[in-house]
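Given next, in C-alpha cells, is a single chain: the form predicted alone.
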Amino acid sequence: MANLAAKRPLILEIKGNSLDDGPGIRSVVFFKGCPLACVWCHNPESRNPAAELAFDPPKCVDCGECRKICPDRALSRNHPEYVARSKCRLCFLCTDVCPSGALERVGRTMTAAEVLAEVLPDQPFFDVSGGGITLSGGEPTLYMDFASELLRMARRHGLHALLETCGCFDLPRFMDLLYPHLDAIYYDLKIMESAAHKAFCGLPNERIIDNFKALLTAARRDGKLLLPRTPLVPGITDGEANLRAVAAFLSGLGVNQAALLAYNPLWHEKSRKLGIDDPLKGDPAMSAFGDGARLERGRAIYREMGIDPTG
C-alpha cells in the first residue's frame, strides 16, 4: 500500500460532535484503507482502500428499483446476502435509486479543502471545549501527502490536530509531512509478541514498536502528547500476559500513562453489511460489549506496574 501515500484517499465519514477521539468536542475524519488486518477490526469498512457496497436489510422496502437497474444482475431476494458480490462490479447505480438508503456506497472522494469545509462550522465548539480535528480510519498515514495538506489547512485556522494511528508507517516521511502539524498522537499498541501480532493483525510489530520509541523521543522534546492505547479484545489482547508485556514496555521507556479501550462488538454487523467474512461471529465472547470487570482488571495490572490507565 506504499503507493497510496501520494494519492487522494476515500473518506468514510466526517463525524462531528465526538467526545471519544481526543480532548474536547471534535470532528473526526475517517480515512479508508489500513495496512493491518486485525481480525476484530472495529471499522471493517475502513480496511479496504477502495469503495465498497453496503446493504442494510432492515432499511430495505423491497421496491425492486435496484434490481431493475443493476446491469450485472447481482441483486436478488434469492441470494442469502441479497448482493452477489462475485457478480457486482461496483457501478453503484443501485445506490442512486435506493429510496431508503439500504444500499449505500462506502467511501467518497473529497479534496482536503472539502474535508476542512465540513469541519470548520464546528470550530466554535472546538474553541469552547478545547477540541479540534482528529484524523482516524483506517489509517491516515497511508495518505501522507493528503493528510499533510489537510493538517496544514487546519493549522492555518488554529485547529488542534490529533492523529489516531496503528503505528505502521514510514517514519521519515511521517516526521517530515505530518508530525510538525500535529498536537497529539493516539498510538495503538495492541499485542507485544510479534508472532501473535502477525497472526491477529496481519503484520509483525517491529516497525510499530520502533516508530513508537522514535516518536516518544520527539514528543518529549517538543511537548506533544503521545498516548499509547490498547483495545481489550477478548482472548486476544486482554490477557494478563499481554497487558503486562505492554505495561513493562511502556514502563521501561518511562511512560506513565496509557489508555485501555473497552471492547465494542458492533463490527460484526458492519462486516455483514459489506459481505466480509467474519469467522468470529459465532464466538459468544466476541459478541458482547466489554464489561467493567474486564476493564478494571486491565487497569489494576497497569496500576500495579506504575502505569496510570485512562479510558
Partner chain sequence: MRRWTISNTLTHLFLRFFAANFNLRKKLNQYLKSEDGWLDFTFGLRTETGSVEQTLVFESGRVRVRATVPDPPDAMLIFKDEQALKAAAIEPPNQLMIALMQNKMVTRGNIGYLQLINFYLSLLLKPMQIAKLQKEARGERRAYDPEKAAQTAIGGRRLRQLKPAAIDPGVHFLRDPYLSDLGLDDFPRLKEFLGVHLKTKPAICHERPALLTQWFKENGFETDPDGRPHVPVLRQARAFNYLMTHKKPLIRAKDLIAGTTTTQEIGVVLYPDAHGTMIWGELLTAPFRPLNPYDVSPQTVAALHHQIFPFWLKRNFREWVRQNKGYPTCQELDERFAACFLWKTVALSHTILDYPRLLARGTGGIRADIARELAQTPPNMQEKRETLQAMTICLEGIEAYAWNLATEADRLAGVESDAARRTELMQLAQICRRVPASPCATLDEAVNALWIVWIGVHMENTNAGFSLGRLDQWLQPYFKADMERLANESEREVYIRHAVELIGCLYLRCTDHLPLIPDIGNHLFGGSSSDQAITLGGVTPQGEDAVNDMTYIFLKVTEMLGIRDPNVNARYHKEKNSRTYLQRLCEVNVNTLSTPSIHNDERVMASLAEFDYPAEHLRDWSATGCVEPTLSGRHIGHTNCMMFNMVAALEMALNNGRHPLMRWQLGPATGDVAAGAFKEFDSFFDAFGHQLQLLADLTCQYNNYLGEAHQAIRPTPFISALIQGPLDKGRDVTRGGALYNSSGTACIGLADITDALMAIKTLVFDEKKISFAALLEAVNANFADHAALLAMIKTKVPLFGSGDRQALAIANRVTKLAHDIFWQHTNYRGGRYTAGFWSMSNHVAFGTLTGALPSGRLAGKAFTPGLTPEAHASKSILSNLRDVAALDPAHLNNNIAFNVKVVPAAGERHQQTVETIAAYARAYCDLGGMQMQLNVVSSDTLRDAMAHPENYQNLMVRISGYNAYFVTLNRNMQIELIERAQFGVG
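Fair warning: this is a prediction, and the values are worked out from it, not measured in the lab. Numbering follows the first chain given and starts at 1.
A second form of this protein, the form predicted in complex with the partner chain, is not displayed here; the remarks below concern that form.
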Report summary line: Given 61-69, 268-276, 28-36, 245-253, the stretch touching the partner chain in the predicted complex at heavy atoms within 4.5 Å is 61-69
Report task. State yes only if every one of N17, G101 and S129 has a non-hydrogen atom within 4.5 Å of the partner chain in the predicted complex; otherwise state no. Result -> yes
Query - Contact flag, D183 vs the partner chain in the predicted complex, heavy atom cut 4.5 Å - result: no
Query raised in the report: Any of the heavy atoms of Y179 lying within 4.5 Å of the partner chain in the predicted complex?
Result: no
**Report entry** in the predicted complex, F125 touching the partner chain (heavy atom, 4.5 Å)
**Finding:** yes
Report task. Mark P121 yes when one of its heavy atoms lies within 4.5 Å of a heavy atom of the partner chain in the predicted complex, and no otherwise. Result -> yes
